[in-house]
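What follows is a pair of forms of the same protein chain, given separately as structure tokens and numbered structure 1 and structure 2.
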Structure 1
């Protein structure tokens, strides 16, 4: 699979087999995240890799749409300082790791943790950090036949050329 194919065929998957992820494959995915650039190459973002079942169930209670994430064998929490606007850095890491995982035949889905007050004690995060997003990871389970195939805006609606046009 080349890079373009990996990018355009990747879907977000919430169905996982219970099998653990091979440690070498997990490392490869984490190395892809590591190579994401950051503003001024400051590298202030961190990843917390959670495989423990009880912790994953507790993480499921940290977002409004995360009830299912205990079924994913791995949850990778993206952590950044509260101050400093590092969300773009986190996004780059997230996309790198998701595309690398897809190339390995692994499924992923980004999820939002709306409740940092619940998340911090689960992971022992310092008060000056936050974990706004996580990526679930594992072998894909049965596909959901009711899901539409990648509905996206047409390019003409997404892209404004030269300047904004109504």
Structure 2
């Protein structure tokens, strides 16, 4: 699959098979994340890979909309310093990880952790760091028929050229 096809065919999923992710595939996904650019090459982002079922269930209590994440065999938490951390770098790393996973036939979904006070003790994070987001990872399960796919906006509605125009 080429990069463009991987980008336009990747879909977020919250349905996973219970199968573990092959360690070599997980390492390949993590290497893709590592290769994301970093502002001023600061490389401040770190990853916490969680496969333990009990820990994944505890992570599900760290966000407002995260009750489902314990179903994913892997949760990869993106961690950065509270001061000086660059959230854009986390996004770049997350996108690399998700596109590489899709190329391998793995499913992913980004997740926001709203409650750092709950997250820090679960992962043992230092007080000067935060884990604002995670990516769930695993073999895709059956699609949820109650979650319809939303079409993307047409380019002429999404893109303004040169100036904002109504």
Ligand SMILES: Cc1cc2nc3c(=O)[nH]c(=O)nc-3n(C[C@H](O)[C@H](O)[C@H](O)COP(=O)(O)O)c2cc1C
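Positions refer to the first chain, counted from 1. Computed from a prediction, not measured in an experiment: that's the story for all the values here. Definition used throughout: the rigid core is the maximal C-alpha set that superposes within 1.5 Å between two forms.
- Between the two copies of this chain, it is structure 2 that is the form predicted alone.
- Taking 2 Å as the criterion, residue 11 does not count as shifted between structure 1 and structure 2: its C-alpha moves by less than this amount when the rigid core is aligned.
- Comparing the forms between structure 1 and structure 2 on their rigid core, the Cα displacement of residue 155 stays under 2 Å.
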